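Just the one chain here, laid out as structure tokens, in the form predicted on its own.
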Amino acid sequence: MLTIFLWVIIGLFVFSQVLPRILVKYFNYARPVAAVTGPILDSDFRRRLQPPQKIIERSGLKEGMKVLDLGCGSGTFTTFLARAVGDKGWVYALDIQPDMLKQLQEKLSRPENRDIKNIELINSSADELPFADGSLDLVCMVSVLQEIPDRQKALKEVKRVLKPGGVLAISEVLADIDYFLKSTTIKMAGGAGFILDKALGGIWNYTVRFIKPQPIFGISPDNRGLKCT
């Protein structure tokens, strides 16, 4: 009886892990994580899987940067990013789900976070970013890219809002059922016109850092013949 029970548990685990990955890989099934999972995502357990300090270091985040936490959810890493950029920096916490941002707002109202004054919450989608061209230094996407239906459009939007030489940092963890292989992430960002800078970490937990190309001889990196500004 115990053997049957163990096989049932193993079967359920495999089913819960394999089926969603098949849907994502072969049927392009992408959707944002439900807001009800916010407390789970914003937990110490999650941060053990994806340590904030590792993400900050691998992303190349520095003091004074203007950073977009794209798909911030309930704010798993937002406060860490805000403290890392310091008083002269700024973090835009953007998510498509108002309920996720509400959870982040409640988190920021707690006594331990009331000193943070450099976060702006934005309700918007990844393929229509409400920022001017070339206005951001760094865009962080932590276990987010695979949840966006039109990933190429979103990546091109990220490229638009980054300054020339700006950084896109994409982080993934194997425990996520929507996990992308490092090679897949590199291929997708390359298709949007980003240049690979560094790929850090292993199969379990990695960050791939990309650079928005600098204009050359007064021509935009998109080859549209626009003059540099």
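All residue numbers are counted from 1 along the displayed sequence. Just so it is clear, the structure is predicted and the values come from calculations on it, not from any experiment.
What comes next is about the form predicted together with a small molecule, which is not displayed.
> Examine residue 135 and determine whether its closest non-hydrogen atom to the small molecule in the model of the complex is within 4.5 angstroms.
Judged by the heavy-atom cut-off of 4.5 Å, residue 135 is well away from the small molecule in the model of the complex.
> Even though the partner isn't displayed, in the model of the complex is residue 108 close enough to the small molecule, meaning a heavy atom within 4.5 Å?
Looking in the model of the complex, residue contacts with the small molecule do not include residue 108, since no heavy atom lies within 4.5 Å.
> Check residue 91 for me: does it contact the small molecule in the model of the complex (non-hydrogen atoms, 4.5 angstroms)?
No - in the model of the complex, heavy atoms of residue 91 and the small molecule never come within 4.5 Å of each other.
> Can you tell me if residue 124 lies within 4.5 angstroms of the small molecule in the model of the complex, counting non-hydrogen atoms only?
Flag for residue 124 set to yes.
> Since the chain is shown here on its own, which stretch among 64-72, 195-203, 181-189, 162-170 would lie within 4.5 Å of the small molecule in the model of the complex, judged by heavy atoms?
In short, 64-72.
> Between 142, 155, 85, 104, only one gets a heavy atom within 4.5 angstroms of the small molecule in the model of the complex; which residue is that?
None of the other options qualify; the answer is 142.
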